[in-house]
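First, one chain by itself: the form predicted alone, in structure tokens.
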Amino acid sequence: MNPLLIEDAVRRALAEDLGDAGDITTLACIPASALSSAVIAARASGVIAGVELARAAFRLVDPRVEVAVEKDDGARVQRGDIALRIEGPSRAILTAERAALNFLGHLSGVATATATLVEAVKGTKAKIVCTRKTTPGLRAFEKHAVRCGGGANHRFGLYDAMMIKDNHIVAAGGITRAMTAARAAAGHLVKIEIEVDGLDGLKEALAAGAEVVLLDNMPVEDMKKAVALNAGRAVLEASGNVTLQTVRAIAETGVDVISSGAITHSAPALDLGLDFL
């Protein structure tokens, strides 16, 4: 992850927490000279992500805080496992605690949700990927967490790949018109993906030279037919109704990619806690 993005995000989180007056509870209760040791430990099993943001929270509050990483990003943890050991001024540890845990818990939750789907499709060729359904301002970190969980990234924004969705198709006047216009405008390094919701749409997209086709909310039986019809010509991405209960059947149709918005927008935070020793 880009250190500049990390510092910017953590500074904003700390500023939101501290406001104009700072941590008034800690300032009132804890002597400035007090030193402490603490650990951040898992209270549930999962996959760790966001360690560098947690470290930055402590460092930006007080550079004298030392953070030793026991479980780096991508590491699996069980209940009770220690992820970080922290030593330094007590005030700084207390002040940075919530910002550090917010980042670490949320991103570890994304990594854990991703890992669950990745495990469910093991043995198939399907890759689990994320979408642009991310928390505003946290996309780069959430996509990093997806990779920590064994998934892969879809496009990062509107700028790095063309994705022709259903509303683009309607506004452009059809699949062929949209594809023709996109191919005329795209540079040689820009991929073009187009969304279809049925086999007729897939046929038209392939005839128009589609390299990547998103099968939107197709029944599993239709996905199997789409894979056969495609015959390896385009990368096929399945999207819609992707859950732990459905993902294996989707993967077994032979699609190349399965995208899930839920792994970023609905992943429950991994339960992690900071305790003073």
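All figures in this text were calculated on a predicted structure; none of them were measured in a lab. Don't overthink the numbering: it's just position in the shown sequence, from 1.
Just so it is clear, the following notes concern the form predicted together with a further copy of the same chain, a form of the same protein that is not shown.
Across the options 196 to 204, 118 to 126, 72 to 80, 152 to 160, residues that bring heavy atoms within 4.5 Å of a further copy of the same chain in the predicted complex belong to 152 to 160.
Checking 208, 235, 44, 39 against a further copy of the same chain in the predicted complex, a heavy atom within 4.5 Å turns up for just one residue: 235.
Residue 29 belongs to the set of residues with a heavy atom inside 4.5 Å of a further copy of the same chain in the predicted complex.
Proximity of residue 85 to a further copy of the same chain in the predicted complex falls outside the 4.5 Å heavy atom cutoff. Using a 4.5 angstroms limit between non-hydrogen atoms, residue 176 is distant from a further copy of the same chain in the predicted complex. In the predicted complex, a further copy of the same chain sits within 4.5 Å of a heavy atom of residue 164. Residues of 262 to 277 that come within 4.5 Å of a further copy of the same chain in the predicted complex, judged by any heavy atom, are 265, 266, 267, 268, 269, 276 in sequence order.
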